[in-house]
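Just the one chain here, the form predicted on its own, laid out as structure tokens.
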Amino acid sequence: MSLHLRMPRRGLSLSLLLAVMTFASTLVPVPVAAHGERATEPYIRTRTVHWYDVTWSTQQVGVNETVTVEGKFHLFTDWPDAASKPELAFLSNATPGAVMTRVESYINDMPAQQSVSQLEVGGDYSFKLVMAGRVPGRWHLHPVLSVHGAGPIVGPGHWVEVTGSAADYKLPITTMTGEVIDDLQHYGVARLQLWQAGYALIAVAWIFWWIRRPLIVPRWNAIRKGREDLLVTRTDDRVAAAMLVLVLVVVIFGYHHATQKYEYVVPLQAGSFKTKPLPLPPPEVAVQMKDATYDVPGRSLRLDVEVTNQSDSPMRLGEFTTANLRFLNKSLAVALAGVDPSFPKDLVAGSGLKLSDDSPIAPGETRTMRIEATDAAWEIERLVSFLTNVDSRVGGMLFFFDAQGQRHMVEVFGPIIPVFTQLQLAQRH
């Protein structure tokens, strides 16, 4: 008697379609949509490192060609208690994998191949990254400051297209002895693989020596009967001694061979360097936050601040920036002109900045004003979860401009609470 199972045609077709799609997805490369920085907690993005004046020298490079990312970053005074202070940090880049090569990096015009120590909270620093195209594709390129104990803090990212062929990539260097290495990424790989294979063979032989005999139950029975002397024989001792001598000979030979072939050897660098913050003039504007709310349905951050103009020139607020988002005063031409054409358009809020009083703040005047930053970017960038943080605080930078067009930066921070004003009005109607 035979049993036949028949699958309905619709189910069979669906199964075949799913199988084909699954198989195709393993063969066809799918571009990554970047923006992984959105997974970082908002209290990190809004109250630690504020990046500004960031530019990209080009949006398209060929393989082996370079793009320069440079700008400044400010270490926020209201640094969150949950994140370690920037006592040790490393400047790097964020891309989806090793698709670009970091050729040069600088902090305050000092080479930053190593980590930088004792960065000062409240200070400003300049940075520069020179990246070379390695793998063709369209990649999101960010500057990153990795703070020990706080993790990577990602700056704004821009799409950079790498053209050409990956087979043409080269990383040539000249050593201190004058030797020219045409391609560093393949230099010494075969020799390294040979040494790894040799040590792997020794390890496999050592393991095989012990697993060639019964392992678990017979050995357990021998221990129960008090015959531990049967577990390790005199032959085992001889093999162990021979293995130890072999490994020592290989290590000594390898060391001698390396020192003879490479006379000048530099160990891996584990130190750090120090640099002082940029020398900036004292702030000409004092800002005190009085109240901060976030309108959840309206997607609007509202700040009530008290501003005191301490300069000899009238001041106007031109920009509010936080977590790489920029809200501009569209009625102030100098603020709009300060946006570099290379800056990502998706990080510039289209709705701009709304002020309760946009008239110039006279010298010596103290004014209370409301600042509204409304945009869907709060949701898109996943920043509204600062409402559920244990301290429920928000921070950002305010950029004021005087009559001569000079920019004056000042921090603004404080506790924030959610409101549902627009939702309540809608329910009443």
Partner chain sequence: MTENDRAILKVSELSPQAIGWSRTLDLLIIVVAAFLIWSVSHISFLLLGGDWDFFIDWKDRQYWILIIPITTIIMAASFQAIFWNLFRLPIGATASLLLLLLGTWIVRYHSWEGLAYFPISLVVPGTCLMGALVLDAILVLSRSWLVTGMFGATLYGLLFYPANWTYMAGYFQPVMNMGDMTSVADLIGYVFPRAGTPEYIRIIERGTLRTFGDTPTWVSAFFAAFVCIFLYYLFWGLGVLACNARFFPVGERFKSLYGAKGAKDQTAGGPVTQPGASS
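Between two forms, the rigid core is defined as the largest C-alpha subset superposing within 1.5 Å. Residue numbers count along the first chain shown, from 1. This is a predicted model, so every value here is computed, not measured.
One more form of this protein exists, namely the form predicted in complex with its partner chain; it is left out here, but the text below deals with it.
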property: Proximity to its partner chain in the predicted bound form, single hit among Ala112, Leu325, Met315, Ala292 (heavy atom within 4.5 Å); result: Ala112
property: Partner-contacting position among Leu301, Met100, Val160, Val305 - heavy atom within 4.5 Å of its partner chain in the predicted bound form; result: Met100
property: Leu278, Ala362 and Arg382 all contacting its partner chain in the predicted bound form, non-hydrogen atom within 4.5 Å; result: no
property: Its partner chain contact at Lys85 in the predicted bound form, heavy atom, 4.5 Å; result: no
property: Heavy atom of Phe73 within 4.5 Å of its partner chain in the predicted bound form; result: no
property: Its partner chain contact in the predicted bound form: Glu228, any heavy atom under 4.5 Å; result: yes
property: is_contact(Pro282, its partner chain) in the predicted bound form, heavy atom dist at most 4.5 Å; result: no
property: Candidate stretches 325-333, 282-290, 74-82, 128-136 - the one whose heavy atoms come within 4.5 Å of its partner chain in the predicted bound form; result: 128-136
property: Any residue of 168-191 that, in the predicted bound form, places a heavy atom within 4.5 Å of its partner chain; result: Tyr169, Leu171, Ile173, Thr174, Thr175, Met176, Thr177, Glu179, Ile181, Leu184, Gln185, His186, Tyr187, Gly188, Val189, Arg191
property: CA of Val239, rigid core aligned, shift of 2 Å or more between this form and the one not shown; result: yes
property: Core fit, then Arg212 C-alpha moves 2 Å or more between this form and the one not shown; result: yes
